[in-house]
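There is one chain below, alone, in structure tokens, taken in the form predicted alone.
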Amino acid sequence: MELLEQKILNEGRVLSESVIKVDSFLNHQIDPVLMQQIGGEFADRFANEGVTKIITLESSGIAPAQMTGLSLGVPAIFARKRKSLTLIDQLYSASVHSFTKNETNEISVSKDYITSDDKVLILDDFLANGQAVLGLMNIVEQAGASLAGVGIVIEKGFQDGGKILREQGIRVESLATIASLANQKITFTKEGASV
């Protein structure tokens, strides 16, 4: 997605050879016009998959998931990283390790919102090592729901997450795939090229 790649080039800050900061438009401050276009792009890519629900992790996946849900006309669910007073039982849960924060969280979704009748699209802001997606897949499996695929706003193609998922036969659609962050330079993988 050319618009997203330009936004990454213009506003992204390379912090190391494995970390890029895009908090000016994706995961702190949200660019609603860009999110609307991201949602439309995911909706187009998964239009024929019969998606009934979208699932993501709080908090950075919520904006793209909500806009995709709006475009597809389906609910967006976010897995909580911490239990609240109102979310205490009847939960699907999985452990997820965050590469960026170097911490493990137990994520949870109420059994009220995902069932065996659902066809679920997993959405997330970043794909690095694939741990968040694997945790969300675990929740989809616990519910007995089927997986429509995985939508990723930014994939770090130089890390193993995308490869691990694709080797399992999972459809992964990434809107921008970063090939390298070496020497403080952002390089993208060309669309259609293998990662």
Ligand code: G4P
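Note that the structure is predicted; figures quoted are calculated from it, not measured. When you see a residue number, it is the position in the sequence shown, counting from 1.
Another form, the form predicted in complex with the ligand, is not on view; read the next lines as being about it.
Just one of 27, 66, 138, 36 comes within 4.5 Å of the ligand in the predicted complex, counting any heavy atom, and that one is 27. Proximity of residue 18 to the ligand in the predicted complex: non-hydrogen atoms within 4.5 Å are present.
In the predicted complex, the ligand stays beyond 4.5 Å of every heavy atom belonging to residue 95. Contact annotation for residue 60: at least one heavy atom lies within 4.5 Å of the ligand in the predicted complex. Heavy atoms of residue 52 never reach within 4.5 Å of the ligand in the predicted complex, leaving it off the interface.
Contact check for 101, 127 and 132: all three have a heavy atom within 4.5 Å of the ligand in the predicted complex. Figure note: of the listed segments 66 to 74, 140 to 148, 52 to 60, 37 to 45, the one touching the ligand in the predicted complex, with heavy atoms no more than 4.5 Å away, is 52 to 60.
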